[in-house]
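Single chain ahead, by itself, as C-alpha cells, in the form predicted alone.
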C-alpha cells in the first residue's frame, strides 16, 4: 500500500457518487471513471422525455462535484476490462490504472428479453440519450401527423408503453397529460382528444408489482381517469416500426412503443470472471466486498445485496445504490485507518411512484401507505432533495410549480444532434 492508497470508482451514478462523497476527508487518492461526463438522475428521465424538465435538470456535471473535493479526479472513459488479479482497470484510450481499492458501481442497461424488433424499434428510457430520443420522437410524430392526418389511421397517435412498474406507470401518466393538456392546444386542427391514446401493457396481472394491492388498484384507477388504457396480462411477442404484436396474436398499430419492462447488469459484469446470480448480478459479502477480493466493493444495480435484517435481496433502486455507495466509501476509509469493515444495513425509507399531477403512491417501511395529493407532495420533496446541485433543485421546483399552476410544458423544442454539429443557424 502506498502512503495514499489509490481508490478507483467505476461509475458516477448514485452508488459511485455516494462512495466518493464519503471519502472526501480520507487520506486517499480517488479516480472516478464514467463514459459520460454527467451524473444522470434516472427517476426523472420520463419528465425529460415528456417535455416537463430539461436536460440540465436530470443531468449534473461530474467534474463540478469535484470542485470541493481535492482528493478526487475524473476521467471520461469507457471501461474495457478489470484485471482483479493484477488490480488494474483497462480503459479505452488510456493506459491501465492500478488500484489499491476498487468500487464497481457501473449500474445496469436495458433488458428487452430477446423480444424480436425491440432493440431496433422500441424506445427505452434508461439514459439521457434515451429520453431525448423519445422526446424527439413524440414531437416529430405530432408534426408528421399535422402535415399528414392520414397517419392517424396507421396508429401514429397511439402510444404504447410496455412495463407496469414505476417507469411504465409514471411515463404513461405523464404522456397522457402531455397529450391532453398540451398537444391538444398545440394542434387544434387535429382530433387528439378523440384519437390519441396511451396504452400501457403489463405481462403480470397487476401494475406496480412490489406495492400493496390497494396501491396497485389506485394506480390503475388513476391512470384510467387520465385516459390511459391499462392492459394487464399482455405479453409483447414482436415489435415493428408501425405496430406491436402481442402473444395473443393481436396487432396494435403504433409508431411509438416505449420500453420500460426491465434492466440487466452492465455487460462488464460478465467479464470479471466471478460468481454471478440471477440476471447476471454479482453477489457480495455483508460488508459489500467481493468474495475472495477484499479490496473490491460492488454496489448499485450490478450487485446482489442482501438485507440481513429481513433476509431478502434488496431491489435495484436509487436509494439502495446511494446507501450502498456511502457504506462502501465509509468502509474503505475504515480499512485505510486499519479498522475492520462493517456490515451494510439498509435503511428502508419507503417506495414511491407518481402517476400524474396530484397523484402518487407511497409505501412506507412499517406497512403504512399514502395516496393522492399528500403522496404526490412527498414524492416531489424526496426527489427534489436527491437532485445534485442547488441550481437544479431550484429550477426543477419552479418548473414543477409552473406546470401545476398552468398545465403548460415549455421544454418542447426539437434540436437534434445533426442541427448542432452542422452549425445550422438558419431561422
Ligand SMILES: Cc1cc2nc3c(=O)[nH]c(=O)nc-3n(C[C@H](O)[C@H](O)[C@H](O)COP(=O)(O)OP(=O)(O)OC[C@H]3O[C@@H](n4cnc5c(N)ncnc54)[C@H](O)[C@@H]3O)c2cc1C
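Remember, it's a predicted structure, so these values are computed and weren't measured experimentally. Numbering follows the first chain given and starts at 1.
The form predicted in complex with this ligand is left out here; the points below concern that form.
Which of 269 to 277, 312 to 320, 187 to 195, 218 to 226 has heavy atoms within 4.5 Å of this ligand in the model of the complex?
-> That would be 312 to 320.
Spell it out for me: taking this ligand in the model of the complex, does every residue among 23, 287 and 328 have a heavy atom no farther than 4.5 Å from it?
-> So, no: the whole triplet misses this ligand.
Going by a heavy atom distance of 4.5 Å, is residue 301 a contact of this ligand in the model of the complex?
-> Yes, contact at 4.5 Å.
Closest heavy atom of residue 173 to this ligand in the model of the complex, within 4.5 Å or not?
-> It does not: once this ligand is placed as it appears in the model of the complex, residue 173 has no heavy atom within 4.5 Å of it.
With a 4.5 Å heavy atom cut-off, would you call residue 167 a contact of this ligand in the model of the complex?
-> Close contact exists here: in the model of the complex, residue 167 approaches this ligand to within 4.5 Å, heavy atoms only.
Decide whether residue 231 counts as a contact residue for this ligand in the model of the complex under a heavy atom distance cut-off of 4.5 Å.
-> The answer is no: residue 231 has no heavy atom within 4.5 Å of this ligand.
Answer with one of 339, 78, 291, 214: the residue that has a non-hydrogen atom within 4.5 Å of this ligand in the model of the complex.
-> Filtering the options by heavy-atom distance leaves 78.
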